[in-house]
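Shown here is one chain on its own, the form predicted on its own, set out as structure tokens.
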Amino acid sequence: MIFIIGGSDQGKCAFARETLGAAEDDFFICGEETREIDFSRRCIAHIERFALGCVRRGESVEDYWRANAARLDGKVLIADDISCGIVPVDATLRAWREANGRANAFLAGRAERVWRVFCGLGQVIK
């Protein structure tokens, strides 16, 4: 599994297309309403939105990834980094930030390679 993380609108999906040869139809785009990830797709983008939906529903996003760890082989997971900046005042958004951080740590630890993308440029951090 490859994990790509970076700020919002930094070109992470374009980076996956250019560097990893991903095609447009390789992508499953998560939303807050996503309850199940389509693991038939090669690339799973906006996993931070999936995490927000889990938090709002009272579900553990980290437990979801652990339960589906075997399905991550060969996948490219793409996330906006929501860990920087001001800590949200809203309790739900704070819980989202914390749950997402734990899930990202699990995914990064499991990944064969982790890329951080900034301004469309990728840097290998693992």
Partner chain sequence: MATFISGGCKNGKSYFAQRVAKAYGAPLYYVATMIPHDDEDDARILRHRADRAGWGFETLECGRDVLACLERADARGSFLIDSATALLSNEMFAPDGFHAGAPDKVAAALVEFVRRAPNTVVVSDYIYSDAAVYDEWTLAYRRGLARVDRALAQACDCVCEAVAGQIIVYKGALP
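It should be emphasised that the depicted structure is a prediction, and the values quoted were computed from it without experimental measurement. Numbering follows the first chain given and starts at 1.
Form predicted in complex with the partner chain: not shown, discussed below.
Within 4.5 Å of some heavy atom of the partner chain in the model of the complex lies at least one heavy atom of residue 85.
The closest heavy atom approach of residue 105 to the partner chain in the model of the complex falls outside 4.5 Å.
Using a 4.5 angstroms limit between non-hydrogen atoms, residue 69 is distant from the partner chain in the model of the complex. Put simply, residue 9 is close to the partner chain in the model of the complex: some heavy atom of it is within 4.5 Å. From the list 35 to 43, 85 to 93, 70 to 78, 57 to 65, the contact stretch for the partner chain in the model of the complex under a 4.5 Å heavy atom rule is 85 to 93.
Using a 4.5 Å cut-off on any heavy atom, the one residue of 13 to 44 that reaches the partner chain in the model of the complex is 14.
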